[in-house]
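First, one chain by itself: the form predicted alone, in structure tokens.
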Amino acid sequence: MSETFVVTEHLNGEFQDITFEMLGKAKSLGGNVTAVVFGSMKDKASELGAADAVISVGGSDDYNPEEYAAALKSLLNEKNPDLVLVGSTSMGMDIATPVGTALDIPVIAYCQAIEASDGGYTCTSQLYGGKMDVESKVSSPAIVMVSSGAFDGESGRVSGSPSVEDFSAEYGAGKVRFKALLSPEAADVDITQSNILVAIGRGIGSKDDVEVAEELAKALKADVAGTRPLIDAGWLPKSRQVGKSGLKVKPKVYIALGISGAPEHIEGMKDSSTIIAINTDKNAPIFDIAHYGMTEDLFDVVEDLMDEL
């Protein structure tokens, strides 16, 4: 029977969403699923009910890339699982490649889909900001870095009583020391929880015209979001960015004003229940996923909409 290890991630004493997304996918592949936890997170093993077992490698609750990579290398060298799932996150990027290199195990990055096949695994990865899908076939053992949001986390968010094993990992003396965790200032609004979003792109024209979207959002009791170019220009705060390098959102209604629909942006909002796109370019990619679209001037449409509201 195959064995899949899921390398969990935690922050401030809580497992991150990517942990449950990987657990759910691992369970669907069949075989035994083991969650690997660090620090004192074994005390929350009951939250990892989707796993058949939990292995605690100890160490500090404070993330240290050298220590975590050394512990994972030590564990995999002894246990030799068929598949290891690691988040395609800042943490995963720190530890997956050095561990794979040290153990001579293939590492697949930016994975969006995994299927068991012919004694190994077939993985589909998105490269170049989502412009290209690449299919890779690897034999066991292999390390796969899973993109955040690629799989449903609810199937992995299961309570239970998996067995817990303490593993004496070899950490070694690294050069990296944890000093402090610096958290960004709290955002004025969490757009991932918004039911309605009015999102703006370059078509809004200028910073002064952002007010048009804000007035529409107020009338709809919605929140304003934007694409990366607007955030980079300082027109909206980082907390309002939708896309691959921003936030993934799933509102009931997503109104895209002047957004062309680059793959990086679409990745962050494609699962919205209803997508309404307004763009004068009839060939804009946003229309490929929109449920409703208008090739009209966004300012004229918003003005008429505000009159109706």
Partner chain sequence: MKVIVPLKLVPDLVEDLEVDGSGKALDKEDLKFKLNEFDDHALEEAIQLKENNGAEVVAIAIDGEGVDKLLFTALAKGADKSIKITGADPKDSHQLAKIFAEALKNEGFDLVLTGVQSVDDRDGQLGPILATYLEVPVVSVVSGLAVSGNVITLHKEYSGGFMAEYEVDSPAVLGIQAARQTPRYTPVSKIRQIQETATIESVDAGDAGVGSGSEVSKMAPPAKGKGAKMLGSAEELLAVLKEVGAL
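Values in this document were obtained by computation on a predicted structure and should not be read as measured data. Positions refer to the first chain, counted from 1. Rigid core here is just the name for the largest C-alpha set that superposes within 1.5 Å across the two forms.
Not on display, but discussed next: the form predicted in complex with its partner chain.
- Highlighted residues 42, 76 and 158: none comes within 4.5 Å of its partner chain in the predicted complex, counting any heavy atom.
- Figure note: of the listed segments 163-171, 149-157, 112-120, 229-237, the one touching its partner chain in the predicted complex, with heavy atoms no more than 4.5 Å away, is 229-237.
- For the options 191, 72, 145, 83, the residue carrying a heavy atom within 4.5 angstroms of its partner chain in the predicted complex is 145.
- Residue 52 falls outside the set of residues with a heavy atom inside 4.5 Å of its partner chain in the predicted complex.
- Shown alone here, residue 28 lies farther than 4.5 Å from its partner chain in the predicted complex, counting heavy atoms only.
- When contacts are judged by a 4.5 Å heavy atom cut-off, residue 255 counts as touching its partner chain in the predicted complex.
- Its partner chain is not shown here, but in the predicted complex it comes within 4.5 Å of a heavy atom of residue 264.
- Residues 90, 91, 93, 94, 97, 98, 101, 102, 106, 107, 108, 109, 110 are the ones in 79-117 with at least one heavy atom within 4.5 Å of its partner chain in the predicted complex, listed in sequence order.
- Once the cores line up, the CA of residue 198 ends up 2 angstroms or more apart between the shown form and the other one.
- Annotation: Cα of residue 232 displaced by at least 2 Å between the shown form and the other one, core superposition.
- Put the two forms on the same core and the Cα of residue 207 is off by 2 Å or more between the shown form and the other one.
- The gap between the Cα atoms of residue 116 and residue 248 is larger in the predicted complex, by no less than 3 Å, than in this form.
- Between residue 145 and residue 264, the Cα spacing is smaller in the predicted complex than in the shown form, differing by no less than 3 Å.
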